[in-house]
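This document opens with one chain alone, in structure tokens, the form predicted alone.
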């Protein structure tokens, strides 16, 4: 790998070298390295679509798999399909993400469809980061779609972060939970300039004791536009919570539409939404400690998105 590719991998996956354990690194549409382990097998898809299947054996513990994507071409678009099959009782870490460096005049785009089949009582920690840069005028576009199926007692703890530089993103997550299954989502997005970001969550709580906690935090600066939509549907005795908390700056715009649907008298569902600017007293307090106004804003945003 050259230094640019190493930088992108560090931004999206905190990788300074080839990771331990299972991994698949995709660069400009081609496999740039792959390794399976005894309990985690990565293989090309059997249906011929671009992407991979990741099969994690039942009761696999304390293992991880990295599947970062790097794009350094302009006038390049791809859609990749990755399916995860997590066996019963497993407890693993999955680290994904996409980094785009576009120095050209045309669009560079990555659309990723991740489908999770998580077995009974399995636990998955999933971390996904998106980052883009480049000194050209070409757009950097990322459109992730996540489809989740949680069997009884399964847990998916999902952290997604859009770090910087993505000009347009449409992020869709669809989940179905069986009895006792739990979904925890923490989304963090920062937009600036004329960037656009849309998020859409749809969660079906189908089994007794199923639960979802979906929280999005975002900052819209410059003239950027953000849209947040979420819907939690309770079809049994379950509990669900969805929340959007946004800071708006400059001439940014944010729309938040959380919604609930209860189809069971025992469904307990809550939604929250808050949009506002940085409080002036917060900035003044930090400026009395020696920070400039810009530095104060940066520290507040950093703390808000941490």
Partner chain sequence: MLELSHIGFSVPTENGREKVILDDLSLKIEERFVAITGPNGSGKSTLAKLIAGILSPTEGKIFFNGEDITGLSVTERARRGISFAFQQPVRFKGITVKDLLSLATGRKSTVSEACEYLSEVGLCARDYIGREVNASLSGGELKRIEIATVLARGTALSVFDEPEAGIDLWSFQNLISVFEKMYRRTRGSIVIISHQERILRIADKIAVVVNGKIDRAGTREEILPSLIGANACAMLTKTKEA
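Positions refer to the first chain, counted from 1. For clarity, every value in this text was computed on a predicted model and none was experimentally measured.
Heads up, the form predicted together with its partner chain isn't pictured, but that's what we're talking about next.
- Although the partner is absent here, residue 217 lies within 4.5 Å of its partner chain in the model of the complex, judged by heavy atoms.
- Residue contact with its partner chain in the model of the complex: residue 281 places a heavy atom within 4.5 Å of it.
- Its partner chain is not drawn, but in the model of the complex it has no heavy atom within 4.5 Å of residue 63.
- Proximity of residue 291 to its partner chain in the model of the complex: non-hydrogen atoms within 4.5 Å are present.
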